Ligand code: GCU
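Below you will find one chain, with nothing else, as structure tokens; this is the form predicted on its own, and questions on how it binds or moves follow later.
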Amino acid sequence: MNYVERIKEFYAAHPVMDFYTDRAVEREVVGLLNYDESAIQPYKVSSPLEKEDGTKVASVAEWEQSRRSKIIELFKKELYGEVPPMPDQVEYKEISCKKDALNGKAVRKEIDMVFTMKNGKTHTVPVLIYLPAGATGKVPVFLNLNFKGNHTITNEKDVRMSGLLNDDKSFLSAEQRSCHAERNSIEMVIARGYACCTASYNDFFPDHIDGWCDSIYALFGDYENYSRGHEKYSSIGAWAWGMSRLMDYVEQSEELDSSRVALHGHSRLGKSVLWAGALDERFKIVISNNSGLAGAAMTKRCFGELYIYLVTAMPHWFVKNTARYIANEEAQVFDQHFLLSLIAPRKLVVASAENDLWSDPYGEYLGTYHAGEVYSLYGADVLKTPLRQAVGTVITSDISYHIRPGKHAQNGIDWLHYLDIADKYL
């Protein structure tokens, strides 16, 4: 019995699982996951250009006018859900401005983005912006959501704490300040002439199964006592929506250049970045770092992280429909290269780490490679081979990719490539 069959057998015996109450079952599931390349079962790589009648899209016009929108609807229905609506009103309130930030290298602004509904409901998201000191004209931007709060991504100790709605309050201690500074590498970004614009993902949807009532969805409906997955919406959908609302802020800014924005995200936010980049064509570069399953990695490889774990452990990330692919990945009529294809012809960047087997580095590369079929319609420079890339490989083109040594992280090595890409294309 191969590992796919073992997973099917296990799921048939445990059709209802809850890792929150049964950690022993969670450990069993983790033990079933495959990290052996030679054990991967044959799978079909479908073409995003293939239409329902079996014929293929033959032109950019046909892709843009028909096929692309159908794939977006597919991902809405099967993974990420509908796009949340817009609030009735959005205000940007400047809370602070520090003109000698980062030892005089930057100007730092803290903004409250306030969403208001006509019925009186409000939701506030604290935003952190760094601009290069002395910049003239509008500045290109690296935009993202961060994990643990704005205070965790900078070495400056006077930045307001954000991400307060998460159920894990450990990151609200003084010791957590700057703990994710390398992940954002603000000083590197500023030194190369780019601005940073960020907010905590927990301020759009607190990342736990009961986060609905404190999320942006509460603006639009009653989610009191709602938990786990939803038929129509997801937290990934909320985080992607949040990235677009940050982009709205950039558009109205007199200092930030909305025509030159690179969107980046790591891990679950790498998944969210790809969805945001597919939906919002204002982002000129879309950077997905170690995004794994439901991100850049090919799902049907069934390597590392699988739906049987991800949908059970994080049901709020996806719509309820996603559960039908647990131990049933082959039933999908799409794969993640379809999602990456939606970003064409804008610049796509995927990054992997050698030891991040959970995220399936080779599967991430293959997802990026197969997205080239759509990019080729535009005459773009795409990845040339499906063969595994050596650690240390750096490819910079319309579709960029690198794989570095090390573990699941976003660090200075990644940033060196991202900044080189931005220098070339922004």
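Please read all numbers here as calculations on a predicted model, not as lab measurements. Numbering starts at 1 and runs along the sequence shown.
Keep in mind the form predicted in complex with the named molecule is missing from the figure; the text below concerns it.
### Task
Decide whether S215 counts as a contact residue for the named molecule in the predicted bound form under a heavy atom distance cut-off of 4.5 Å.
Contact with the named molecule, no.
#### Entry: Non-hydrogen atom contact A323 with the named molecule in the predicted bound form at 4.5 angstroms
Taking the distances in the predicted bound form, the answer for A323 is no, it never comes within 4.5 Å of the named molecule.
### Message
So in the predicted bound form, is the named molecule close enough to Y43 to count as touching (4.5 Å, heavy atoms)?
### Response
Heavy-atom contact with the named molecule at 4.5 Å: absent for Y43.
### Partner proximity in the predicted bound form: F147 to the named molecule, non-hydrogen atom cutoff 4.5 Å
F147 belongs to the contact set for the named molecule.
### Candidate spot Y365, D398 and H402, all three touching the named molecule in the predicted bound form (heavy atom, 4.5 Å)
The answer is no; none of Y365, D398 and H402 reaches the named molecule.
### Task
Select from the listed residues A133, M161, L310, M113 the one whose heavy atoms reach within 4.5 Å of the named molecule in the predicted bound form.
If I apply the 4.5 Å criterion carefully, the residue I get is L310.
### Query
Which one of T198, T154, T299, S267 is close to the named molecule in the predicted bound form, taking close to mean a heavy atom within 4.5 Å?
If I apply the 4.5 Å criterion carefully, the residue I get is S267.
### Task
Work out which of the listed stretches, 216 to 224, 83 to 91, 68 to 76, 268 to 276, brings a heavy atom within 4.5 angstroms of the named molecule in the predicted bound form.
Contact criterion met by 268 to 276 only.
### Query
Taking the named molecule in the predicted bound form, which residues of 304 to 321 have any heavy atom within 4.5 Å of it?
Those in contact are E305, Y309, L310, M314, W317.
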